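Take a look at this single chain, the form predicted on its own, given in structure tokens.
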Amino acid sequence: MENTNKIKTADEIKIKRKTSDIVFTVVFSIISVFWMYPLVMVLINSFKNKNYIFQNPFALPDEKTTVYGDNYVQAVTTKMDFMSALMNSVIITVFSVALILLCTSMCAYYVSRVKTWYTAIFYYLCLFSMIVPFQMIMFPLSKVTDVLQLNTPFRIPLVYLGFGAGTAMFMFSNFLKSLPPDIEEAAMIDGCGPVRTFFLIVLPIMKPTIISVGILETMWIWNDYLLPYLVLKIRYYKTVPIVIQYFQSGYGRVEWGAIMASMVITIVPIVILYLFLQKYIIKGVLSGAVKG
């Protein structure tokens, strides 16, 4: 009788789990549809004539409303120089993310292995930078970057390093604190110094966290509007979010077709990057959230 009751209880638990899984799947599927619908709307309206976008924004393009690739041609060939802005965004994002990943991973390794009062202070200062609102420092920041000539696409990554260090340090250091130092000690016994140990042993182990941090930083920097607008010389250098704003003329006329097309061009690279690397993101976030 006891065995029968145990089997029934186990079966009931399995049924309840399956039911809850189905419910969660349905609920989150519905949420994902609502979440993705604005992106689908942007894609649909990027193929419409601008005069029909507001008349019926939810309708699919037809023979009357479709302009095919004219909006994309207008976005790319406009006097706003969209392609130059796209190149500036690529340069800023690639160099900023690479600088953040390299510097913060090495710094997190040092902080997690060298336990002194000054490494603890430095770690908490990095975490403190995560809670300081950007609006509090944007005007002094604009002045400092002008004085130090950090207002070009190849120099602004130094500014992004300061703002992106907090999140990266938090995830890297917590991951390294949960990592036993036995492998590193074995490598040092074999003759590896700290630098070789980091690049040959530690860095490959950190791959999921590095990819997760890289994705988060890429999405932030690629879509950032305020920092480049304040820091860059807007007359010479613009990023994609800044150029999209300039599709609105001074008389209130808005080129909605070109805006929709430029938004699609901006979204596609990030979506592709996310789809290729999504299997590492949850794993990296969870490994970086472990309390050491």
Partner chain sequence: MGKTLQKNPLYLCMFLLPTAAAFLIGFVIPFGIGIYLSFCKFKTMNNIKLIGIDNYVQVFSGDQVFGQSFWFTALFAIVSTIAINVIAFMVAVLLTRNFAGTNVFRTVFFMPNLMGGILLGTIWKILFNGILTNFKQTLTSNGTYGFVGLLILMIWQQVGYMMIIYVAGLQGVSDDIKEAARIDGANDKQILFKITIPLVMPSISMCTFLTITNGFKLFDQNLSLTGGEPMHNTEMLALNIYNTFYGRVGYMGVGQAKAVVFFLLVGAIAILQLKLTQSKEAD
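Residue numbers count along the first chain shown, from 1. Worth saying up front: this structure is predicted, and the values here are computed from it rather than measured. In this text, rigid core is short for the largest set of C-alphas that superpose within 1.5 Å between two forms.
Heads up, the form predicted in complex with the partner chain isn't pictured, but that's what we're talking about next.
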Task: Partner-facing stretch of 206-214, 83-91, 96-104, 69-77, counted where any non-hydrogen atom is within 4.5 angstroms of the partner chain in the predicted complex - done: 96-104
- [ ] Answer with yes or no whether Gly191 is in contact with the partner chain in the predicted complex, where contact means some heavy atom within 4.5 Å.
- [x] no
Task: 4.5 angstroms heavy atom contact with the partner chain in the predicted complex for Pro57 - done: yes
Task: Heavy atom of Leu226 within 4.5 Å of the partner chain in the predicted complex - done: yes
Open item on the list: in the predicted complex, is there a heavy atom of the partner chain that lies within 4.5 Å of any heavy atom of Ser178, even though the partner is absent here?
Closed with: no
Task: Stretch 30-49 - residues with a heavy atom within 4.5 Å of the partner chain in the predicted complex - done: Ile31, Ser32, Trp35, Met36, Tyr37, Pro38, Leu39, Met41, Val42
Open item on the list: Rigid core superposed, CA of Thr239 - does it shift 2 Å or more between the shown form and the other one?
Closed with: no
- [ ] Align on the rigid core first; then say whether the Cα of Leu227 has moved by at least 2 Å between the shown form and the other one.
- [x] no
